[in-house]
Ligand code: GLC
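Coming up is one lone chain in structure tokens, specifically the form predicted on its own.
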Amino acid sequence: MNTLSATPHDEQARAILRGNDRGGYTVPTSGLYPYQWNWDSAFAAWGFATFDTRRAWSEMETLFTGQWSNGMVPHILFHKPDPGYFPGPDVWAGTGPVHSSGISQPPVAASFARRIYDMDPEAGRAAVKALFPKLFAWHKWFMTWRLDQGAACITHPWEAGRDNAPDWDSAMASIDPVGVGDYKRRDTSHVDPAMRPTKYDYDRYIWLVQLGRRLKWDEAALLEQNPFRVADPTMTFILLRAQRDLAYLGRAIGEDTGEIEKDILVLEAGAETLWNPSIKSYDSRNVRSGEWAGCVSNASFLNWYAGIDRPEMAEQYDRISSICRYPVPSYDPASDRFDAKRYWRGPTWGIVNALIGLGLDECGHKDRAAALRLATRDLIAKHGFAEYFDPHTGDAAGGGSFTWTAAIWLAWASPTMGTA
């Protein structure tokens, strides 16, 4: 870890993590998101590890207290009641040991567990030994229930973490949200509605939640009846990387990794089924209709994070980076569906930048990786620890004092802690 003196931004980032700490788990930001979110929490652990390794491991451990018997780790754990939040535990009716949602999120946990372990292998060995079978079971759940032609699928837009991305427009249009009823959202009371998903989107989100509840979150029934099933670059590339990192951890503690190695080969082949030659990019694929989304998104560039290099993606990356001051936008700014401030339809997200930057560096694109890290550092330093940002102006958007933006500052973007 770098030993240079902490900057004021480092101290602010640490204060955000401490301020959003609820004792064993971290909320994304106070008010807007009052519970433990799955991949937010894993990013938080990475950030904590730069100054408190024990707290980093406890974040991971708390996340897995909500693991279901089938191996799934939910995208939200409702540890404490918060009646104002919708949809809450009574709407989801999850079947795990902790009140939870019924879907998962991109499994970055194994990859951050590896990074935390590598900071102090001796101190982390016991934590990894305890987490390994849980991580293995979660990954196996994806391999059992979320694959199409070897690519990982999502069954709800929230499962990808990219809630309202244009990638899902076709699949969402196939849903008639009849019977959803009235509801009151929390997000639009905390954040400008122009920065959030529309009511059109939200009606369909809730319809899918109600479908899962009616089916008691039975995966076989959902596979048959859920009209929303999209093979997704986010999930595919992150799961592939997570399997590689889980294999690394397994070898470090003496576990048999043969099955994981086989799964890696399946996912490597599956990732190539997401190559859309018509746009020369990795793209989302509607499994139900067979249609391409036709989207170059920030998730498209996670190929490097997964260990997959392709010259066309470097060309796409350079094209998109040249259009905006603060790459990487969540959607191609050249598209007529681009919206600079609306959630995953255009804004830049620091957390995805960190994953892309790590991948670029590991695949030998050192100059691009360094430039992205510097651009993200400048973005956060000038515009704060926001949830996401306008890629043209850098204007902060979404929630403020955001946990995962603080975390990636500490673990990746900061000039003093970025080598951790």
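Heads up: residue numbers just count along the shown sequence, starting at 1. Source: prediction; values computed, not measured.
One more form of this protein, predicted together with the ligand, exists but is not displayed; see below.
In the predicted complex, every residue of the candidate spot (33, 344 and 387) has a heavy atom lying within 4.5 Å of the ligand. With the ligand left out of view, the stretch that reaches within 4.5 Å of it through heavy atoms in the predicted complex is, among 63-71, 36-44, 376-384, 390-398, 36-44.
With the partner removed from view, the residue among 161, 102, 329, 166 that has a non-hydrogen atom within 4.5 Å of the ligand in the predicted complex turns out to be 161. In the predicted complex, at least one heavy atom of residue 28 sits within 4.5 Å of the ligand. Contact check for residue 409: no non-hydrogen atom falls within 4.5 Å of the ligand in the predicted complex.
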